[in-house]
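Have a look below at one chain only, the form predicted on its own, in structure tokens format.
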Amino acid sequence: MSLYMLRRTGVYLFLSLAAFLSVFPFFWMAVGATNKSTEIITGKMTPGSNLVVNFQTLLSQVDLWRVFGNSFLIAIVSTILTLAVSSLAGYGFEIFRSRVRERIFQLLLLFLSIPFAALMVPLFVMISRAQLTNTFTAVILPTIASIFILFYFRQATKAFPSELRDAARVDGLKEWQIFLFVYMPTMRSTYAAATIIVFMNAWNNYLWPLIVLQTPENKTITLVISALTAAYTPDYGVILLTTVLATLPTLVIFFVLQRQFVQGMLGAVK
């Protein structure tokens, strides 16, 4: 066997192993959702017949539809507002030039090094004084100004053809019209990639909702999973079933936008 074939075989073996390690947790989670808690503890790795029972148990313990509605509302509104604010800011930072532009941008990037744990107390004090505790607004507001997404849009805007902007200005379009009717359609792959990132972060957000959402009717799916695992005798079949259900929306979003996601992460502009 030639050296080329050995290398190619080694690459495929490595990729197969990586794929197995990546998919196995999802497989185990899906199989566990069909089994009893005792079967999961003993390490059963084959599908069982307890899926319906687990689902009925989940519905008896949790208002599932309300919880999913809360999570979807927070994730969708957060995604829309974050994309709107961050794309406008990223566009402005790249298109409009000033003496202090880079200094302000560097200061914003410096803020990325501040851990969220250091911001929780002052942020909670601000939310409390504004009387927004136990509201979805309290969860959404801190996520809107995302420095990472702003940075991402600014870098993507560097690839935005200046000829399109100049042609639009010659045609008499104002700057906001250029942004809405030229920039946004051209950068749709960038928006798709940012949508996946922001939606997943908002959907999986746990620590801040745990702090500000105080009543059961306002809980999100991540808080429900945490509550199920904290039970005195956790039902692992119900927990895994809830985890599978919580994973489905992010999987759907990713598979629907995966082609645009790859183009957006590569900085492609068409």
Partner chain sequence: MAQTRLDRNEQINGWAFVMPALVLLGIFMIYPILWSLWMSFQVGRGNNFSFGGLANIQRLANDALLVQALTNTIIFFIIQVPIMIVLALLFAVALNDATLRFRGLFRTILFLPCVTSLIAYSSLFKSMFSNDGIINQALMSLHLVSAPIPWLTDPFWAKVVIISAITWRWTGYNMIFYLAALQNVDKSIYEAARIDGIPGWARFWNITVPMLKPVILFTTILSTIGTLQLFDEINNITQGGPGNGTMTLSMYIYNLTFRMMPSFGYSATVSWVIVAIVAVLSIIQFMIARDRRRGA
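Note that the structure is a prediction, hence the values are computed from the model and not measured. Residue numbers count along the first chain shown, from 1.
Keep in mind the form predicted together with its partner chain is missing from the figure; the text below concerns it.
Contact with its partner chain in the model of the complex, defined as a heavy atom within 4.5 Å, is made by none of Val62, Val67 and Gln131.
Mapping the unseen interface onto this chain, Leu58 falls outside it, with no heavy atom inside 4.5 Å of its partner chain in the model of the complex. For Phe179, a non-hydrogen atom is located within 4.5 Å of its partner chain in the model of the complex, even though that partner is not displayed. Its partner chain is not drawn, but in the model of the complex it has no heavy atom within 4.5 Å of Thr215. Although the partner is absent here, Gln106 sits far enough away that none of its heavy atoms falls within 4.5 Å of its partner chain in the model of the complex. Along 112-135, residues Leu112, Ser113, Ile114, Pro115, Phe116, Ala117, Ala118, Leu119, Met120, Val121, Pro122, Leu123, Phe124, Val125, Met126, Arg129 each place a heavy atom within 4.5 Å of its partner chain in the model of the complex.
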